[in-house]
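There is one chain below, alone, in structure tokens, taken in the form predicted on its own.
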Amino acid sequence: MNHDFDLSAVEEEIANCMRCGNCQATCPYYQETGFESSVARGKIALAKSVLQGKIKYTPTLAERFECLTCYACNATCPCGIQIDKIFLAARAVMVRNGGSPAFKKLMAAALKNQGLLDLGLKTATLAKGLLFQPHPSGGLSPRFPLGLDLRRVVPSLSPKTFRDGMRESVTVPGAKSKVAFFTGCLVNYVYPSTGRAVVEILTKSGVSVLIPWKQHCCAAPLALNGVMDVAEQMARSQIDLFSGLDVDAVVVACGTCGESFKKKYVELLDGAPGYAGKARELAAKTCDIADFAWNVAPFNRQLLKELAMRVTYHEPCHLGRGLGVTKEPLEIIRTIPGLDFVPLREPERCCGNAGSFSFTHYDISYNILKHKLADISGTGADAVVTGCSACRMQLEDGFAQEGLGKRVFHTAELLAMSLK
């Protein structure tokens, strides 16, 4: 077991906290609850006691460590504390000590077995008429709780997954480079149009694409919930697969997936014989599609066609604050002719999705989203562009419930639309 997630790894971070309260001003969770235990400095005080073994796991204690991992507190901390690492260490200790609720166990069982996940989601697709009802927006609403709030509007699962509909290797004659594409779960099962857009951008830029069929979930949902043993197993599996490929880069279309490859695997496998070095090598080769298309293998701007619409851009937390990909999506948007781009007042403000958080704390998640919806409405935009499929689901849910009639595109989709 990796020891980057215990007291010895984060005690210096904990000691550096001055309890100044700067994190209160930017924490979306605290802004909705107003509880001191919801803000970073409150959680840090609790984490110290958990990691020292002074207090043990209880469901109530676990609730105190709920967090969107949006990194807003990290960005505003004057001491430069990596606050998320303290929370993850506390979560990992609690899980190791038996604090693994049924939800986490079910999530671990589903995500570590790609075949089981495929079967479950394909069965859900066939049974969607029984489980869901059409929503006027074009999405679906659950007929029964099913772990989803009955108000929620979700996109339909694709009848055919992205990987099922693509060749494993898409070769470009005279290609200047070759990349592997890590699709992630939402692109594969829910938004295959994003995956097709990524492949189109790459091939039209003279890049051959390999889409390994044996790839699986990046393990971020487990690592972020403290289920480190299974997350570490999945990280090893991904490294075994992608390190053996003869490619120049690994392209991702999700900030959270990109963080797994560039940061989390390195942390999970630090010091692991045979894996630590490979994790660092894989991290160095991983690149978000916006970064790759703008900086590494630039698309041909002469091929761009006009798109007549007004758009704005929502910056995903894990793509912006997590990976530092902030300028490239905006440069791509501004390059497309015909677009009327109107920036948000707070483009980097969390939308409230945060993966499993939106399932377990839907009311708070939606209240956080309302701030983003108001910002978007103020731009008069027809559509929102973003680089994260989870953010897309959250925004589409809000647009549907509020009757706003706006569309959401992944940055890659918008660029591919202009390249056609």
Partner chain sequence: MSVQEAIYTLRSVLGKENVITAKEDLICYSFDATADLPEHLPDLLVTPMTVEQVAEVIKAANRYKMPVYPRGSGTNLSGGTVPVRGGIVLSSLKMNKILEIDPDNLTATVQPGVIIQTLNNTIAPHGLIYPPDPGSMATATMGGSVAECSGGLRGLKYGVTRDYVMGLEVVLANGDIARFGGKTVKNVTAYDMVRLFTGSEGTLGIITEIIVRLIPAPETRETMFATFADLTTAGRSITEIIRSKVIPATMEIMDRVTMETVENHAQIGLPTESEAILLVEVDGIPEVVRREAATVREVITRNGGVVKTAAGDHERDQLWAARRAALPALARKRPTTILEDATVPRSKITEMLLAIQNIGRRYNLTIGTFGHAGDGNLHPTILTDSRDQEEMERVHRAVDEIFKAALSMGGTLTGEHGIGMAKARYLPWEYGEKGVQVLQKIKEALDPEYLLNPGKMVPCREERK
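Positions refer to the first chain, counted from 1. Bear in mind the structure is a predicted one, so any value in this text is a computation, not a measurement.
Just so it is clear, the following notes concern the form predicted in complex with the partner chain, a form of the same protein that is not shown.
- Proximity to the partner chain in the predicted bound form, defined as a heavy atom within 4.5 Å, singles out one entry of 296, 79, 284, 303, which is 79.
- Heavy atoms within 4.5 Å of the partner chain in the predicted bound form belong, among the stretches 350 to 358, 44 to 52, 371 to 379, 387 to 395, to residues of 44 to 52.
- Though the partner is left out of this view, residue 363 does not reach within 4.5 Å of the partner chain in the predicted bound form, counting heavy atoms only.
- Within 4.5 Å of some heavy atom of the partner chain in the predicted bound form lies at least one heavy atom of residue 58.
- Taking the partner from elsewhere, residue 407 is found to have every heavy atom lying beyond 4.5 Å of the partner chain in the predicted bound form.
- In the predicted bound form, residue 401 stays away from the partner chain, with no heavy atom inside 4.5 Å.
- Contacts between 27 to 42 and the partner chain, taken as any heavy atom within 4.5 Å in the predicted bound form, involve 30, 34, 35, 36, 37, 41, 42.
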